[in-house]
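Only one chain is shown below, in C-alpha cells, and it's the form predicted alone.
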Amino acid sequence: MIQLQQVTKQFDDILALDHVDAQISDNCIFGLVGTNGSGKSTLLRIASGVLRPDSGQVCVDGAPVWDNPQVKGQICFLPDTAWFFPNATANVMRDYYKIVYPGFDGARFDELLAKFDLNPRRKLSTFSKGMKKQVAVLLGICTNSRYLFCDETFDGLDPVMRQAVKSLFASEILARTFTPVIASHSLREIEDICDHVGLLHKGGILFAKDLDEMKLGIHKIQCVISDPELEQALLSSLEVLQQEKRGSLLTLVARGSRSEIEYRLTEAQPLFSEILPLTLEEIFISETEVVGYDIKNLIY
C-alpha cells in the first residue's frame, strides 16, 4: 500500500503540491486525473523517489520511499517522454534494466517485443512516438516491480496498442502483486481501465474514490417541473453541483444516492424526469466547477 502524508512541493513561487493526503491500495489500477498544472507528474516523481518533497512523506507499507533503495526497487516510473540511451536498441535497454532491477525478466521482454512486432536490434531513436511508448511499457512490466507509475502512458498509442497494454496490466494483476498508477488527461482511458480514481486540482486532491462508488454517488437529472415553488424546493433539497435550464427543461448534476434523488423528484411532481449515468469526464467537470474551475469563465 502507498500512503501520501501531507506531501508538499514548491518550485520557486509555484506550489505544485499542497499537503496532499492519499492512499493507493495494492492490486488495483489507480487513475490520477487533474486540471492542467495540477501536479500529477510532480506527485508521481515524488512517489517514486525521483524528487524529494519539501514536507510530508510517501511510504510503501509504512517504509519511506525517499532515500530508501529497498523500497524504490519496488517501483518503476515511466515518464511522459520515454527516455533511452542515445543510439540504444531495445536489447541495450533490456540489459540496462537487468542491472537496475534484479528481478527483470529478460526472456519475457524478448517474447513481448516479438508479440508487439518491435525489432530488438533497431535503434530506438528511429521508432515512432507510439513505438517508443510500447517499449517503455514493456520494460516497466518486465521489471516485475510491485508498482508501475505511468505518466500519460496511452498518449501516442493507437487503439489496438492501447487495448493490448490494458490487457497486459490486467493479466499482471491476476498473476502477481501489481499496482499500476496511471496519470492521464484522457478521462475515457482512465474510465475504461481504472478501479480507483484520484482528482488533483491546484496541487491538492479533491477526492480519491472507487470509480464505481463515485458514479453511484453523483447523478445527472433532467426534468420538467411546472410549479416554480416545487422546482425551487427540489433545488434546495439536493446538493447541486451544476444546473442549467433551457426553456422548461431543467438539467442538474447532484451528489447523493439514486433513491434519495428519486424521492426528491417525486415530491416535485415533475411532468417529465429521468436520471442519467455520468461519465468520468462529466464528473470531472462538475467537481472542478465547484472549486472554481468553470469552463464558462474560460470561453465567455
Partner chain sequence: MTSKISFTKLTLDETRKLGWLTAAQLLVFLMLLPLRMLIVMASCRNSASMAGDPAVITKTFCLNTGAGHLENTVFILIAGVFCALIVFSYLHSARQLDFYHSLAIRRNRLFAVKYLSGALTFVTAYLISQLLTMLVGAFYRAMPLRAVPEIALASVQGILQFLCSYSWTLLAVMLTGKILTSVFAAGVLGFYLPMLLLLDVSMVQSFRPTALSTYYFFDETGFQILGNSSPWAFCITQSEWSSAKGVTRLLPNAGGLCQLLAIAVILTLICAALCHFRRTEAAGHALAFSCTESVVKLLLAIPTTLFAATLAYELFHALPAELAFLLLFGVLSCAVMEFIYRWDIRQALSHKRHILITVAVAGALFLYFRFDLPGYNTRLPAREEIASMALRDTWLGNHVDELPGLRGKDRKALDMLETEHFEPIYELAQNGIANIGLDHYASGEHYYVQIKYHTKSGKEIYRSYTVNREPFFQAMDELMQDPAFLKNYFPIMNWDAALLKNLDGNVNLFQPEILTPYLDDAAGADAGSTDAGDADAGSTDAGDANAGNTDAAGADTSDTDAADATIADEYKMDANAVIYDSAAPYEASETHLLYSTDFTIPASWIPRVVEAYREDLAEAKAEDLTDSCGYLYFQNRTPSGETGPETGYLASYYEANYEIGKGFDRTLSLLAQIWLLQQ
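Quick caveat: nothing in here was measured; it's all calculated off a predicted structure. Positions refer to the first chain, counted from 1.
The following text describes the form predicted in complex with the partner chain, which does not appear among the structures shown.
Trainee: Is Arg264 one of the residues lying within 4.5 Å of the partner chain in the predicted bound form, judged by heavy atom distances?
Mentor: No.
Trainee: Would Leu157 count as a contact of the partner chain in the predicted bound form, using a 4.5 angstroms cut-off between non-hydrogen atoms?
Mentor: So Leu157 does not count as contacting the partner chain.
Trainee: Hey, in the predicted bound form, is Glu274 touching the partner chain, heavy atoms inside 4.5 Å?
Mentor: No, Glu274 sits far enough from the partner chain in the predicted bound form that none of its heavy atoms falls within 4.5 Å.
Trainee: Taking the partner chain as it sits in the predicted bound form, is Ala63 near enough to touch it, meaning that at least one heavy atom pair lies within 4.5 angstroms?
Mentor: No, no contact at 4.5 Å.
Trainee: Looking at 26-34, 227-235, 65-73, 252-260, which stretch has residues with any non-hydrogen atom within 4.5 Å of the partner chain in the predicted bound form?
Mentor: Contact-bearing stretch, as computed: 65-73.
Trainee: Of Tyr97, Tyr147, Phe127, Phe169, which residue is found within 4.5 angstroms of the partner chain in the predicted bound form when only non-hydrogen atoms are counted?
Mentor: Exactly one listed residue reaches within 4.5 Å, namely Tyr97.
Trainee: Check each of Gly217, Gly106, Pro120, Pro79 and return the one that places a heavy atom within 4.5 angstroms of the partner chain in the predicted bound form.
Mentor: Residue within 4.5 Å of the partner: Pro79.
Trainee: Taking the partner chain as it sits in the predicted bound form, which residues of 1-28 have a non-hydrogen atom within 4.5 Å of it? Please list them.
Mentor: The stretch 1-28, when checked against the partner chain in the predicted bound form, contributes Lys9, Gln10, Phe11, Asp12 at the 4.5 Å heavy-atom cut-off.
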